[in-house]
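Only one chain is shown below, in structure tokens, and it's the form predicted on its own.
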Amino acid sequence: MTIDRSQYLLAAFLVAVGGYVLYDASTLEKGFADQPVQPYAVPNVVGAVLVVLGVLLAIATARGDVPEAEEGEDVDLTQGTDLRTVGLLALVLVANIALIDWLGWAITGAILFTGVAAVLGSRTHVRDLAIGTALSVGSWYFFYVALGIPIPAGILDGVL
């Protein structure tokens, strides 16, 4: 029997993240007494689920359970990771994070969508930009108006 160290590493990661979420939830202040769900309720559930999943994964790994490789029609398992594509996707994401406060979500979201589509092989840049703009502006209004979560408007503050 071979020991799958990556499964143990993933289990340890899940337990560590779950533990941190539980710790962070314990530092939250209580809401109003008349609220049936306190602010720490959801993080406690998420943290506990992560810890339980990590423990269950470690137990399954110790019992010899290993996942089977996916055999999709369009997946060539003999090929390695395309590091250029992964690097470009990471670059697009980092640019989004770096620019979101200055340009705002509506613009950086469109750039993110267009950039990811281009990195993954799309050659219809104008259509990608139009779709990305519609999605980012729509999601900005959804979060800001419907959910009440302020997302940075950036240079479009006052326009949106």
Partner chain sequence: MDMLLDGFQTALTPGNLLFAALGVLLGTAVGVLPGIGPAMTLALLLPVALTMGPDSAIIMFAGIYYGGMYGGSTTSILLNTPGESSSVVTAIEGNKMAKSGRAAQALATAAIGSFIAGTIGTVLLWVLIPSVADVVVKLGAPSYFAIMLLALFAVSAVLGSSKLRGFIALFLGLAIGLIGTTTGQARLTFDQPLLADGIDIVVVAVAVFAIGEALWVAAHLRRKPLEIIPVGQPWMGRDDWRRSWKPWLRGTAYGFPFGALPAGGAEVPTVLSYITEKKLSRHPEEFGKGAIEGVAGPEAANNASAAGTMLPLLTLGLPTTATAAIILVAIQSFGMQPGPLLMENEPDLVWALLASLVIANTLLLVINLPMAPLWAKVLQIPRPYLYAGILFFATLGAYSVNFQAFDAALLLVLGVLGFAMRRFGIPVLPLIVGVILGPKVEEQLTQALALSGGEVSTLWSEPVAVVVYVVMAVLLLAVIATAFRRPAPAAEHHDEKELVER
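We call the rigid core whatever largest set of C-alpha positions still superposes within 1.5 Å between the two forms. Residue numbers count along the first chain shown, from 1. What you see is a predicted model, and the numbers here were worked out from it, not measured in a lab.
FYI, the form predicted in complex with its partner chain isn't displayed, but the following is about it.
**Q** Is Val66 one of the residues lying within 4.5 Å of its partner chain in the predicted bound form, judged by heavy atom distances?
**A** Judged by the heavy-atom cut-off of 4.5 Å, Val66 is in contact with its partner chain in the predicted bound form.
**Q** Using the partner position in the predicted bound form, report whether Val42 sits within 4.5 Å of its partner chain, counting heavy atoms only.
**A** Although its partner chain is absent here, Val42 would touch it in the predicted bound form, with heavy atoms inside 4.5 Å.
**Q** Might Phe13 be said to contact its partner chain in the predicted bound form, defining contact as any heavy atom within 4.5 Å?
**A** Within the cut-off, so yes.
**Q** With the partner left out here, check for me: in the predicted bound form, does some heavy atom of Tyr20 sit within 4.5 Å of its partner chain?
**A** Residue-level check for Tyr20: yes, a contact with its partner chain.
**Q** Just to make sure I understand: among 141-160, which residues lie within 4.5 Å of its partner chain in the predicted bound form, judging by heavy atoms?
**A** If the 4.5 Å heavy-atom criterion is applied to its partner chain in the predicted bound form, 141-160 yields Phe142, Phe143, Leu147, Ile149, Pro150, Ile151, Pro152.
**Q** Does Ala62 shift between this form and the one not shown by 2 angstroms or more at the C-alpha, the core having been superposed?
**A** Yes; Ala62 is a residue whose C-alpha shifts (by 2 Å or more) between this form and the one not shown when the cores are overlaid.
**Q** Look at Val42 and decide if its Cα position differs by 2 Å or more between this form and the one not shown after superposing on the rigid core.
**A** Moves: yes, 2 Å or greater.
**Q** Using the core for the fit, does the CA position of Tyr23 change by 2 Å or more between this form and the one not shown?
**A** Yes; Tyr23 is a residue whose C-alpha shifts (by 2 Å or more) between this form and the one not shown when the cores are overlaid.
**Q** Closer or farther: how do the CA atoms of Leu83 and Phe13 lie in the predicted bound form, compared with the form shown, if the change is at least 3 Å?
**A** Residues converge in the predicted bound form, at least 3 Å closer.
**Q** Given that the CA-CA distance for Ser139 and Val45 shifts by 3 Å or more in the predicted bound form, does it become closer or farther?
**A** Relative to this form, farther apart in the predicted bound form.
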